[in-house]
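Heads up, what comes next is one protein chain in two forms, each shown on its own as structure tokens, labelled structure 1 and structure 2.
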Structure 1
């Protein structure tokens, strides 16, 4: 299993947090009615949401947002759970659990984007 020092894991946590802030800000700016040319409520209609997923640049933005937030969020959960106990079995179990959950969430989110593009 790939072993990273805690300082390296924290660097990943900080970088993913800052990057997620940037990507979410871009996402919010793109969703503004001034940019889309339609009211926000209309942009949430099924056809418009599917059209967003089919726009490759926007799909890449959504995928990067999914990955960054999943990495940051599950690593934060991992850090919280490690505060409960400090022994190697607990630490390895928490790490494996959060990695598996993170990968499952990313796979499910990616599946949604692929299905919207007729690839799933």
Structure 2
């Protein structure tokens, strides 16, 4: 069923986890009062958030965060579900379910980023 070996998938899992750590750190930093110079609640106002999304560099950061966390998260869920039970039907079913859920979430999140950025 899988094109990749489990050892390769685990490498992707670790790399996506470490990379996500950096992009999430930036995502949080740009909301901190010490960086923005405004209270946290004010940084969440509609105009400020739209301005963030319309910044191409930030939109790229959001998209990469979406992809990295979706890969890491749904693969993590796959690993947990494979620990519960082992047979071909279950293993293939879990893999297909997590892949479809991951692609659907990435597509939905990308739609938000594109529309808010003004590209969609």
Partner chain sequence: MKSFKEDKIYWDSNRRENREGLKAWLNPSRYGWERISYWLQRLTGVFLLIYFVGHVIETSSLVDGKDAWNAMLELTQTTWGHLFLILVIGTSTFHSANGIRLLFTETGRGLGKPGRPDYPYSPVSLNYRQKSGIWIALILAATAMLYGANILFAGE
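Only a predicted model underlies this, so the values are computations on that prediction, with no experimental measurement involved. Between two forms, the rigid core is defined as the largest C-alpha subset superposing within 1.5 Å. Residue numbers count along the first chain shown, from 1.
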Pick one: which is the form predicted alone?
-> 1
Core-fitted comparison between structure 1 and structure 2 - CA shift at residue 29, Å | 2.5
